[in-house]
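Form predicted alone, single chain, as structure tokens, below.
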Amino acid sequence: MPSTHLKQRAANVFQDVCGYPATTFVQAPGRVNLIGEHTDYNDGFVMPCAIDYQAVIACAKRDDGVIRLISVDYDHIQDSFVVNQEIKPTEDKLWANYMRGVVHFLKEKGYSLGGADIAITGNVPLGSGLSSSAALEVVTGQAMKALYELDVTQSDLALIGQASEHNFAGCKCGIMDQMISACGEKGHALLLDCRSLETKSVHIPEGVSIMIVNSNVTHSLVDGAYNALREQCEEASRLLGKVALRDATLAELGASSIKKGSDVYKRAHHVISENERTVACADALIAGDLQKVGEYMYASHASMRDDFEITVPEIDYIVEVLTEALGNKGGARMTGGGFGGCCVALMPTEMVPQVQAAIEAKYQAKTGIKESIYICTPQNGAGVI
């Protein structure tokens, strides 16, 4: 497990910087979303699983009310603030804002907190669409929960992480990333209803592997593109007279006053159709029908490319190569917020070597960029190591 190596790395830096050993270790995983993209903030359905790439914290209580954050991976840069004073975002250590926000919202919700020394490390690739930010938020909440024995549910930790990202990092993300990081289930994806937060376990059949191909075209969702897409979806909901696009049908969209072919129409078309695909894909996966799963994944990618317009040529090419290699024996699509990042594929385990070889032979030759490939298995969500 990657967490063993990460735990040791965090422990060593904690000891070096703080001069005493950490008492508590926690982890929170990144995630890959199998299907259901940009549906979460539209009150829709998503189907992610937690993966074996994680954020890990080594920590211990302090009795002076100071919270000191130590970045293991960035030259041991530190950030500190006082827990019983007003907590604000910092302008020069942006990584710390995800963590500051979690402490702020735990405190705002009435949880009794004290000081802590916290050393944070991780191996979730940044800017890849595997949700390093949610892992950072959830692991911070998990650390405070463990240190101060807080009576906070995993779902509430997810909501606190989301509030942190909205208010301290400036990205109006949905709830999916934090929920799967907090509540993942080994061997399963989760079909998550982002309105009710109800989950349904979706068993990944034996002999099926998850391949993640990182295009190494990095993205940043805080730069406005993500928030602009969200605003277009909200505009579509308003014009359709719905609380959220979750409540709309394709027939209602077609009969509406929204101009066909307009950005607002296309964004709505993606979200409404993606919700239908996600629920159907979960049923197909439970039934072990990989051919059907593949059809839904390919359709999802086409919708992200043509209706939501969030793919880039490198991502489209990866999906093209994966599709050609898999045929009707699996599926592939872009995953994550878009504008770079990763593709995800589901396939029979025995096909992994040939599919990997196809990507390695073609992607860099076409784009000049070297891909990174991860073979993942669904993991449990956040907890004490």
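Note that residue numbering follows the sequence shown and begins at 1. Everything numeric here is computed off the predicted structure, so don't read it as measured data.
Beyond what is shown, the protein has a form predicted in complex with a small molecule; the following relates to that form.
- Although the partner is absent here, I175 sits close enough that one of its heavy atoms falls within 4.5 Å of the small molecule in the model of the complex.
- Put simply, D43 is far from the small molecule in the model of the complex: not one heavy atom of it is within 4.5 Å.
- Residue contact with the small molecule in the model of the complex: Y265 places no heavy atom within 4.5 Å of it.
- Although the partner is absent here, F105 is not a contact residue: none of its heavy atoms lies within 4.5 angstroms of the small molecule in the model of the complex.
- Partner proximity in the model of the complex, defined as non-hydrogen atoms within 4.5 angstroms of the small molecule, places exactly one of 351-359, 333-341, 316-324, 50-58 at the interface: 333-341.
- Listed residues Y226, F81, Y111, W95 were compared with the small molecule in the model of the complex; Y226 is the one with a heavy atom within 4.5 Å.
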